[in-house]
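There is one chain below, alone, in structure tokens, taken in the form predicted on its own.
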């Protein structure tokens, strides 16, 4: 079964797929163990991992390598965040081929200008390409994929760019007509009102994807009430959780001038060995290495 089919089946079975951001094979494995339905291969998180701003500084090769590594460490379907598709329609076609071969279930392409600026930054440059130009990215993406289950998700940033609901809907309908499998609507408002209004107004056939980072009160109960949302992406919580934990642990070690207090509050080394698959390594050493 393809990963695209696995994600589609999960949506049919549950009505709503919960997808957690990841930036490494370890975070992908932890997301799977926690019970999520899929992985969001986040450009924001990978940029943060490299201590770079999310402004198209991470290359496709860097992101693609991480997607491959996460696919090796987790059995969950991966939705790859390819930002603006790495420039024009030709780049998008190349990206679709590569991400599909890497084992992703879907890609999300957004209608910003390249290079992009991350959506939620205060007073960020949020420039959109024309609807016609972005349709000219969706159509070749659809034509390029080798398996129809591999999903092309079109993301409109019209609300992020303060262009209003009418523009967001106009773009979303055009992207649906071009063949997009789903529409991702994004908002930087601190409440769910803006996205909620868009979802109520949406009468298209394709389901909606949301990323409620800025409006965290939009929980599963509220999402399901809409009847139109198929995927909720928790877009940057893995990297934020990692930074929170490291800052706290590092500060305590410095404050205590040693490990004597913190050691009981962090996972033991054996838990890291388990996540690394050290048990199977030892078994194979006993089986295949003479003298072990």
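Values in this document were obtained by computation on a predicted structure and should not be read as measured data. Positions refer to the first chain, counted from 1.
Below, we turn to the form predicted in complex with a small molecule, even though it does not appear here.
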Just checking whether residue 119 would be counted as a contact of the small molecule in the model of the complex - the rule being heavy atoms within 4.5 angstroms. yes
Answer yes if any heavy atom of residue 155 is within 4.5 Å of a heavy atom of the small molecule in the model of the complex; otherwise answer no. yes
Though only this chain appears here, would residue 37 touch the small molecule in the model of the complex if you measure heavy atom gaps against 4.5 Å? no
Can any non-hydrogen atom of residue 186 be found within 4.5 angstroms of the small molecule in the model of the complex? yes
So which stretch, 193-201, 129-137, 111-119, 95-103, is the one near the small molecule in the model of the complex (non-hydrogen atoms, 4.5 Å)? 111-119
